[in-house]
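First structure 1, then structure 2: two forms of the same chain, each alone, as structure tokens.
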Structure 1
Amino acid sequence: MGLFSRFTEGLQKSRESFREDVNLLLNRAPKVDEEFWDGLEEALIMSDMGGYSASTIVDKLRNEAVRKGYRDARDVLAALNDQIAGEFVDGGDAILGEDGIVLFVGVNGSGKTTTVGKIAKQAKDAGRTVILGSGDTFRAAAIEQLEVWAERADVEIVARERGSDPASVCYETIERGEQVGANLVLIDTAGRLHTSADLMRELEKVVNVVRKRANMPVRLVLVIDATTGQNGLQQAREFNGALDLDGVIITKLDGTAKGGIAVAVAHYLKLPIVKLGVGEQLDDLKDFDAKEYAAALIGDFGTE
């Protein structure tokens, strides 16, 4: 399946299920009444936007609806769409678009390694010189996993045996990158919970080493699974606090999870979204578009 169709399919799923909700809502309550607002709040909560955010957004929209005299639910939903899209910040494209060293961090199983593989492929296809660094020296077979991705993407990888110091693997990767004239260095790191002080400290050390050694910009990207609930915000806060993140990637958007937590992360931490993961294959990577993301979350009613 091609890149575009796969994503549209993923989007379609979210959009359809939301549309079902809202269609139901539209049929049930063509007028903008109490039931409509309750239904809207429910739909927003179901997207993992969070109870507080959902009720804040609904309150704001209600005021706007009164002020602007919206009578049709479609007007409200169009305004909602704009509002959500407006939460996202720009700057995500530069993070992978420009030359540099990018480290991928996040909790266990969020999709870091897979994402590194997909990005490597995309950059390689774009004619760039890419090198991978296997900074996860902790998890069993993490190195082998990234090696497979390097092979699939046809890029070079620097890896040491399991248990070796991740900082020195990064150091060597940068060194090797310089030798081969790489303009994109992608470093996978071990998954860790943001609550583990030791592992967070270890990561800070790795990042410091990379920042010292690098002669290209160093960027840090947090990978968050779209199924994550409100804890996603906590993850982003902690990783951002420790490492000063540059952006976020949301993965697993090919499921039914809507990834509403991205809205909260963008709102509170002003971090741009770099890419979206929409499957397990090499090409299942999608550029982020605020309008599109908002549309996938809430459905595209204003224009249809």
Structure 2
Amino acid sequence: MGLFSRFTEGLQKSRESFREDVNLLLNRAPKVDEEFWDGLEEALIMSDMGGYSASTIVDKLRNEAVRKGYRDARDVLAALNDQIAGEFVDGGDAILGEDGIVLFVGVNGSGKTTTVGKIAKQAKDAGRTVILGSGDTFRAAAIEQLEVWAERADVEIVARERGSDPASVCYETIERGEQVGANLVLIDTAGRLHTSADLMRELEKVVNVVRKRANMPVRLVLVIDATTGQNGLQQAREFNGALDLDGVIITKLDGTAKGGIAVAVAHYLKLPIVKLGVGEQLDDLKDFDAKEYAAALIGDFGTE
């Protein structure tokens, strides 16, 4: 099943909510006037894109409407998908597609450990040499969970008992990766509250150890739970400020009306979206395509 087909189901709530707002807007203001622009911006904000990104998209559409002489609101809406897709930045494919060490960070409950396991399975199935590192030594279930995924993916895992120093586990993982010739090292880290300065400093230590020991490029990926909405954007800001992130994975998009969070994160932080989680199954962790995502998020006003 393609990305759009899967998201047709997974982002149904986001799409239906947005289209309901737009249909009400068209009934009130079918002409391209100030009432229409204000209503469109409000509808975008309600889809969880955030005020700044919604305002930017509307401003770009205004300019396009002037250049192309749009007089009917439906002409503007037909161009909306391209404007939303244009908010995303490139580079997500390279983060997992190229050789390197990838650390996954995020708050508790974001789906981080499961996501790491799914990526390991996908990479191994694609013929790559993968090793896992269980850097979450605070939550016993995280170690066991990643061990299950390592067995399922048929990849080696470096894990220590609960309470071990996570930086040392990461160090050992990189060493073991060198020994077995791994070209993709995936390291899970403990969930951190982005509001806790002490926990973030501890995570910075882990990242610094990895960067000093690394024999390959190191990339940091934040895993965000889409259901947290604009709080997810705040998480991204805090983690990016502390760690200088390389990309974002957004999980739990199935059944949420907050799919616009991907647009907000990309717009505010200029970070690429690496993967999207739309369910619990292995194949529900999808590659990201900006145009398909925009179409799944709001629908296609040009053809419907």
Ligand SMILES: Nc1nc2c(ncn2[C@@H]2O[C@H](COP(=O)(O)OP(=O)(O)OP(=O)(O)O)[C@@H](O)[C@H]2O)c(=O)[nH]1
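Here, rigid core means the biggest group of C-alpha atoms that superpose within 1.5 Å across both forms. Owing to the predicted nature of the structure, the values given are computational and were not obtained by experimental measurement. All residue numbers here follow the sequence of structure 1, with the first residue given the number 1.
Structure 1, not structure 2, is the form predicted together with the ligand.
For the motion between structure 1 and structure 2, Ala214 lies in the other rigid part from Asn63. A two-part rigid-body description fits the chain between structure 1 and structure 2; in it the smaller part is rotated by 29 degrees against the larger. Once the core is aligned between structure 1 and structure 2, the alpha carbon position of Leu77 differs by 2.4 Å; this is the C-alpha shift at that site.
Aligning the rigid core leaves the CA of Asp59 displaced by 6.0 Å between structure 1 and structure 2.
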